[in-house]
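In the form predicted on its own, a lone chain appears below as structure tokens.
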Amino acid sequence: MADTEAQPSRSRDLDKLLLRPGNLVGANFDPGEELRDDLAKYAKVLVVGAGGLGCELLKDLALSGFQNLEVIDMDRIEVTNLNRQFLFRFEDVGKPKAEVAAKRVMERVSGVNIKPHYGRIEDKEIDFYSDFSIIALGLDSIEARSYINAVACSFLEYDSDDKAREETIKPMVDGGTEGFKGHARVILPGVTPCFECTIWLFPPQVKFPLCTLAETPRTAAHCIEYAHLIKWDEVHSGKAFDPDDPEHMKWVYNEAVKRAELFGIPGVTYSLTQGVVKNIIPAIASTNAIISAACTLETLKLASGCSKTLSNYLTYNGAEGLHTKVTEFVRDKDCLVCGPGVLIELETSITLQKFIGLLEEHPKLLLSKASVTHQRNNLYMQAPPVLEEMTRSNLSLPLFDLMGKTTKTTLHVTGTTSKNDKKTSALRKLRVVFKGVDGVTDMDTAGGA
């Protein structure tokens, strides 16, 4: 009899999925140890967000055989995060979330390598996102989801029959939680609905009448919004409020406390101020864990083909018992983000500067301060200043010449657009056709497409 019993492999449960055939596997599934090794060696996953859901995702992905991970988050750790973001400790307060989360998971899971990025998702070049096999989202912001969705869809290419080319599809797995409720979804641009196709699933943000804020506040939220929307402009005329600047947020909190005391309204706290101003969704650790598990499983399915993926939206409700439901939403073929692209017909003489001006006026785009990229070459960049200076000379040149005199091609433009009176970053794909070249005839412009 052996002195010691053999310890089970850490990948025991993973092996049950990757080493054995099955009836619900993907078309290209090839079980075996080589698949498990390839998953660890070649699959590269980006986790966007290192908050409550992002921490769970990093841990789950690392324990599921993924060894090449990266994480990006623009926030620093706050005391209010510690009750549900389990990778952080009190001594971490003030440090970047992405860096601490990556360090903690690597300490606990041997063999995994996680590269952290502290900064805004909009500040990364598009090429940064092209390196990843799958993008997993752990975000609490509709605007951030829309931006990453547009980035992933920008890699999508269509054939002559307007069918998505499989090799250009950048899969995304999106998770979200709100209290005891949550969702997990699989987004395959060009195949399943993208985030923009189902933007109607997210209710509009609650807005308070200005007369109520100014004259008859009744709740702590009214006092906070008064400080944010009215008092800030009165005191800081012309200076934009930055919700990610701790000093700005602290100022709003202090003014909201004064307002609440004046009207005898209790309940104004710094965390509530953040929640109201930034529209932060409340989170519970157990819900994050459940949704993260669902997202990690879908990521594993996409990377290995060990099972068919979710079709295509799972909802979870743990408020009263346990309820899950899967809904298959339909893709919008005319979607401006995941579709073939907005069609624009141009004269060969139009300059890059005039083209950028056209984007501001186009009814389907309304894109201001646009940067323009063609086949990963920067034709003009609004920022940073060094790139703006390097590409400024292109503004006076014909776009046709800058694009190598190609009669039909695809451009990617990034800029600012307005939605619900709020300016947000946007990325759009354009199908550009030049008139009167190589037999190209008059076509409907994008305005009429």
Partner chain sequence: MIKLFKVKEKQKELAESANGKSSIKKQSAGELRLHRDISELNMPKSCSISFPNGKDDLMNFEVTIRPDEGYYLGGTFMFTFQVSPIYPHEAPKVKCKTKVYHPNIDLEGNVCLNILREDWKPVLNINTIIYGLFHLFTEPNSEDPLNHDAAAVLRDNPKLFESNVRRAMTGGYVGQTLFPRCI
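Numbering follows the first chain given and starts at 1. If you superpose the two forms and keep the largest set of C-alpha atoms that fall within 1.5 Å, you have the rigid core. Worth saying up front: this structure is predicted, and the values here are computed from it rather than measured.
The same protein has a further form, the form predicted together with its partner chain, not shown here; the description that follows concerns it.
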(request) Look at the candidate spot formed by 62, 105 and 271 and say whether its partner chain comes within 4.5 Å of a heavy atom in all three of them in the model of the complex. (result) no
(request) Counting non-hydrogen atoms within 4.5 angstroms of its partner chain in the model of the complex, say which of 93, 285, 293, 230 makes the cut. (result) 230
(request) Could you tell me which one of 251, 158, 86, 147 places a heavy atom within 4.5 Å of its partner chain in the model of the complex? (result) 147
(request) Given that the partner is absent here, state which listed stretch (322-330, 341-349, 253-261, 164-172) has heavy atoms within 4.5 Å of its partner chain in the model of the complex. (result) 164-172
(request) Please run the contact check for residue 178 against its partner chain in the model of the complex: heavy atoms, 4.5 angstroms, yes or no? (result) no
(message) Can you tell me if residue 44 lies within 4.5 angstroms of its partner chain in the model of the complex, counting non-hydrogen atoms only?
(response) yes
(message) Is residue 209 part of the interface with its partner chain in the model of the complex - any heavy atom within 4.5 Å?
(response) yes
(message) Taking any heavy atom pair closer than or equal to 4.5 Å as contact, tell me whether residue 395 reaches its partner chain in the model of the complex.
(response) no
(request) Could you list the residues in 32-53 that come within 4.5 Å of its partner chain in the model of the complex, counting only heavy atoms and keeping sequence order? (result) 34, 35, 38, 39, 42, 43, 44
(request) Would you say whether residue 238 is displaced between this form and the one not shown, judging by a C-alpha shift of 2 Å or more on the superposed rigid core? (result) yes
(request) For residue 303, decide whether the Cα shift between this form and the one not shown is 2 Å or greater, given a superposition on the rigid core. (result) no
(request) Align on the rigid core first; then say whether the Cα of residue 333 has moved by at least 2 Å between this form and the one not shown. (result) no
(message) Closer or farther: how do the Cα atoms of residue 121 and residue 412 compare in the model of the complex versus the shown form, where the change is at least 3 Å?
(response) farther
(message) Having a change of 3 Å or more in the C-alpha distance between residue 187 and residue 408, I'd like to know whether it is closer or farther in the model of the complex than in the form here.
(response) closer
